[in-house]
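Next up: just one chain, as structure tokens, the form predicted on its own.
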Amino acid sequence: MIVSEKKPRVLYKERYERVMTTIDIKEPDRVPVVPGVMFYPTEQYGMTKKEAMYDLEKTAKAYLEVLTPLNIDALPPLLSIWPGKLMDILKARVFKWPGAAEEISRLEDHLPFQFVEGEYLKAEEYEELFEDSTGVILRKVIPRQFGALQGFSEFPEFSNLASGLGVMFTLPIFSAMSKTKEINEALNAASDYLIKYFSITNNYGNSLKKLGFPLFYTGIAMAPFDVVSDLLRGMRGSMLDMYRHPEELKKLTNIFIEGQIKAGVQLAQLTPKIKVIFMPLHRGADGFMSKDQFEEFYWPGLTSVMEGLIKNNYIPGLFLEGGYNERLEYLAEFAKKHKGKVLYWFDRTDLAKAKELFGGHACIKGNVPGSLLNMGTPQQVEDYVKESIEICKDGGGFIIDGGVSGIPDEAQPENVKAMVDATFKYGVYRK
């Protein structure tokens, strides 16, 4: 690993251009190394996961002090660690996390947060949802997902709000309800906390820039099918819907296309120079559904979001968790239509095959195994990185990172250093 004496502004420019040149499928001076992380920096800093989620200022300090000495090309945002205090305020039911105020959501201090999947929208509510989407989300889904927002279940019906008289009598009554006061208190507290949270994340980004490091991701968007499957119907519900309610399922996924584009762009605009929007994919992986089902239910919504982000001059950065070997032809087809406009971060996908199919059109990121960073030796890590670079380096379009979670929480520091050092050693395009 090379330690530079260049000024931070020069290093920032070099690193930023190295990454963007690579995404544009051109050869920079060296293969970039841009690892994703979650709790690895806080683990190395001696923090529990509870402390990391509740003391985000210290978490930001851990990210800075642990990651910047590695001399990597771009750093991840703090957004991968959810703020525990915010989830406490809203009494989130969609997560369990260390140190949660409510016992029902509490995990031990050393455990990472976990997603709680559920059928927050029932199959029999499809028709009602299509007739009054806002009302169903407000009165049924949100109260099921957040304990502090139960009062929304009493929000007046559309028919009562459509006339002036209805508003005069129903909204004041709703406002006077005890559960509505709880909503107001929770949302006010959440607003106050978010102001502090964004201040911490902005200070973190500014500190990175002063040290010469760009951020990599800022915005986040999801495949519409994942929105439905992760957050509304659950995996069981969405899988059954492909057989029992296929048209309703497709109609529902289509509803979320524009919203995901807008959400990704709005968050990314907070840091205008960072152009990669993170897209974690879940149910699209090999094994979740057949090829025909992927083509019918998953791929159309995903490509619509990707194209919407590209039209807004952003780069969809797909995190292809699990194996996507059976989906490579689809990824290749999209890449060939949008050369240099998409990034594919692979976990357990064959890099050689991916490079062969679309390496000249899409940037590939990955995929040093988490098991190797956790339990391997530095030499094994170096050998893996060397081989990956030999396979994917030519022509640009390759970034080194870990697989399933970038640098795993339990990774050995000597192995992380070996991954970075090997990239510096073998990834040079020109002297």
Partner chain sequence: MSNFIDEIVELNENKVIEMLKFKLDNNEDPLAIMEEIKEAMKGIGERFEKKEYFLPDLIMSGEILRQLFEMLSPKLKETGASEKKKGKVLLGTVAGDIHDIGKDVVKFMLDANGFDVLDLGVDVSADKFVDSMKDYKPQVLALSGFLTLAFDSMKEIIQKIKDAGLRKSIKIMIGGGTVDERIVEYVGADAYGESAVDAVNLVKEWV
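Residue numbers count along the first chain shown, from 1. Model, not experiment: these values are computed from the prediction.
Form predicted in complex with its partner chain: not shown, discussed below.
At least one heavy atom of residue 374 is located within 4.5 Å of its partner chain in the predicted complex. Though the partner is left out of this view, residue 289 does reach within 4.5 Å of its partner chain in the predicted complex, counting heavy atoms only. Contact check for residue 112: a heavy atom falls within 4.5 Å of its partner chain in the predicted complex. The closest non-hydrogen atom of residue 369 lies within 4.5 Å of its partner chain in the predicted complex.
Heavy atoms within 4.5 Å of its partner chain in the predicted complex belong, among the stretches 171 to 179, 123 to 131, 142 to 150, 242 to 250, to residues of 242 to 250.
Shown here without its partner, the chain carries 236, 293 and 348, all of which come within 4.5 Å of its partner chain in the predicted complex through at least one heavy atom. Here is the short version: of 283, 85, 93, 275, the single residue with a heavy atom within 4.5 Å of its partner chain in the predicted complex is 283.
The single contact residue among 326, 307, 102, 333, judged by any heavy atom lying within 4.5 Å of its partner chain in the predicted complex, is 326.
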